[in-house]
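Encoded as structure tokens, the following chain is the form predicted on its own, with no partner shown.
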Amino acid sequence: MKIGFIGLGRMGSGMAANLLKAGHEVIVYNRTREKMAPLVAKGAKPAASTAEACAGEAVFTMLANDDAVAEVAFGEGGIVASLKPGGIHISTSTISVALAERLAEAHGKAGQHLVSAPVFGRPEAAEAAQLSIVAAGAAPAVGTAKPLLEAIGQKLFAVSETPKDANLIKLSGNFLIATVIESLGEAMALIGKAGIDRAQYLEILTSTLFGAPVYKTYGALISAGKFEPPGFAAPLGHKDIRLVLAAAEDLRVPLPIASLLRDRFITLLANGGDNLDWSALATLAERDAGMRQG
């Protein structure tokens, strides 16, 4: 299949590479043009603009936030203006429910389709085609997108014909991950201040009741204090908590823990955490316990 791919950060570059491995013709575009070079070396075709990346049957976006997605989607030369009738925009970014609704409406008016397909997984999972994907959109469009999504992930969940549903599920999932990070940070501060070995503590947790990947992945980062380079930067974690709170407010669902997490992320960012992984949220518990300066 001939497809475009817009957004070649650490996640997008791995995803695009796996689409190439699966035999698809991939047109890549990124504002920072040098990020296209490794994929072009693997057989991708470079695009000079968003419009050029929309020459195929479908186009992926994997971008940092609502503003970045809206910038490439709307306006002259954007995805909505450039994608052919019947074409599919596969949005894999973690975006707001409100933007997903706006995208679905705009693509529908243009005779196109939106498939929201946000992904769970860090950059190493993207490189290994081990992402978990939540997809929503019109059944025929999801069916067309299915082999593409299967090329980048290990598990695909088709949940709804309403694209925004996938985005809400993704936001709620990231909210849960953030709660794990915060609670792990607090628990490790507790045992750490008592002089108990953190690595051994993590082994006890993850080999008994807490064997889920989220505890293993983030527990290892927190135990080792490995927050650079960020696999998922702290400002993006803050963004996702803000988006889940906005969705909850629209639905009149109180999320008191999410409100706490928003303030914890603001504290982390106010203390120089912009270039750290979002798991650095866990360091706040150590600071509050007098175990860390700043």
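When you see a residue number, it is the position in the sequence shown, counting from 1. Since the model is a prediction, treat every value here as computed from it, not as a measurement.
This next part talks about the form predicted in complex with another copy of the chain, which is not shown.
Not one of G225, N275 and A282 comes within 4.5 Å of another copy of the chain in the predicted bound form, counting any heavy atom. Though the partner is left out of this view, G86 does not reach within 4.5 Å of another copy of the chain in the predicted bound form, counting heavy atoms only. Although the partner is absent here, A220 lies well away from another copy of the chain in the predicted bound form, with no heavy atom inside 4.5 Å.
Proximity of H238 to another copy of the chain in the predicted bound form falls outside the 4.5 Å heavy atom cutoff.
Another copy of the chain is not drawn, but in the predicted bound form it has a heavy atom within 4.5 Å of G211. Though another copy of the chain is absent from this view, in the predicted bound form it lies within 4.5 Å of a heavy atom of just one residue from A81, L176, A138, A98, which is L176. For the residues I266, I257, V40, A68, the 4.5 Å heavy atom test against another copy of the chain in the predicted bound form is passed only by I257. The stretch in contact with another copy of the chain in the predicted bound form, judged by heavy atoms within 4.5 Å, is 186 to 194, chosen from 102 to 110, 139 to 147, 186 to 194, 86 to 94. Contacts between stretch 128 to 151 and another copy of the chain, counted in the predicted bound form as any heavy atom lying within 4.5 Å, involve S132, V134, listed in sequence order.
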